[in-house]
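Below you will find one chain, with nothing else, as structure tokens; this is the form predicted alone, and questions on how it binds or moves follow later.
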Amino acid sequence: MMSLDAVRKAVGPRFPIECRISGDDLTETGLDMEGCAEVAKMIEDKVDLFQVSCGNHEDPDVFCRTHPSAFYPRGVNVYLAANIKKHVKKPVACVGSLNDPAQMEEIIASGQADIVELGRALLADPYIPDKALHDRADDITPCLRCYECFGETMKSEAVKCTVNPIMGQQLSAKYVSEKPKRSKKVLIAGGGPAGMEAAITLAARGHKVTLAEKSGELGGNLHPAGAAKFKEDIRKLCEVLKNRVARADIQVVLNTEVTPEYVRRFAPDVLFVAIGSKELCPPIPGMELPHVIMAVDAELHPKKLGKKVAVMGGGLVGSEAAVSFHQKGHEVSIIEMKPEVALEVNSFYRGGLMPEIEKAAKCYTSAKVLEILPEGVKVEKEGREFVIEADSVVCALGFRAPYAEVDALCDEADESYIVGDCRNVAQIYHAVNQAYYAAMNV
């Protein structure tokens, strides 16, 4: 109360004060909804606007509710703002991973809140309000709720975004180089996130772009990455990129593998290689058995899986796959050589992922796969050998860039760029970022 009085004295009577409060602390030692409403009533005459969130930053589980992860529905905290609004007359704003204009409109129209405030959504796409106003909601770049923005603040005290390569580089983007002096004939091999981002950026710079994709649709690894129920944001990103490609002056050629001979016939001024990576299939005895399924195939076709599933590999792919399989009714085990699973992701996303893994799977860490058997997987852990029973065995042991194929393609062009997983297996951020800035150099 005294703090608010001091703020009001400092800013004067006409300066608006917004107060962020919890609608529920979500802890046994904190305030519940009723207590938070009482706080709002106590300070109402000292503020002009309430922003209602929840939880805290100290507990990783609760942090991912304060800033909702992909495991929560968008708008999960709106009911807390609606409750505060019942007890005060000042305007109330809601927050919590909102980025769909239709949902935001419904929140306001139904009286749950007076204002919707956006955070991460505007890092992903600063133009959400303008796109909503001009009926372009289908072009909104979705926040993936991957917490790369939070993670970067811990590493460099800066901000970055997986789906917005300009974020954190706004000053240089403002003074971007002039359009190229001549339009170049550009061939892009591969229609995944890197290939699509490169094509969109190159076309916007005035180049003549052809995007060739080996399969029958654009998207690449965004399809298996977005297959899980909780990965809806990745599915939306894929559609946004495909729509932008369709609207741009880009020649798309599907069901076409770019080979060195294809490059020679095409004779591009510039070649972009974005052919992705290949799943690792190590020489483990029993890999040839019919119940062994590669991770991408399992994610895209989960009906192939039996009741009991053993996932070899507890990296991000294997861990998220285990959660997805569990949500579909399977009994899941994860086998990982490292002492913990999902170590390669930022601590914020991992904080939300680990509780889901603990619910979804039995984890055998510091364990080595010795052999795949018809009845399951033989492993060694702490000097002891035993069999983990499984009807299906999913191989999620990583990916490898096809460097020889990449080099063979690049040899056929005077100017070439390598982007995405075929440069170095990484995450969506690296694919989009590399593609955008490589394209800006052409």
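Residue positions are given as counts along the sequence shown, with the first one as 1. Bear in mind the structure is a predicted one, so any value in this text is a computation, not a measurement.
There is also a form predicted in complex with a small molecule; it is not shown, and the following applies to it.
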{"property": "Segment that reaches the small molecule in the predicted complex - one of 293-301, 368-376, 105-113, 242-250, heavy atoms within 4.5 Å", "result": "293-301"}
{"property": "Partner-contacting position among 315, 351, 268, 276 - heavy atom within 4.5 Å of the small molecule in the predicted complex", "result": "276"}
{"property": "Of 215, 347, 327, 172, the one that lies within 4.5 Å of the small molecule in the predicted complex (heavy atoms)", "result": "215"}
{"property": "Proximity of residue 231 to the small molecule in the predicted complex, heavy atoms at 4.5 Å", "result": "yes"}
{"property": "Heavy atom of residue 222 within 4.5 Å of the small molecule in the predicted complex", "result": "yes"}
{"property": "Residue contact check: residue 417 to the small molecule in the predicted complex, 4.5 Å heavy atom", "result": "no"}
{"property": "Close approach of residue 405 to the small molecule in the predicted complex, 4.5 Å, heavy atom", "result": "yes"}
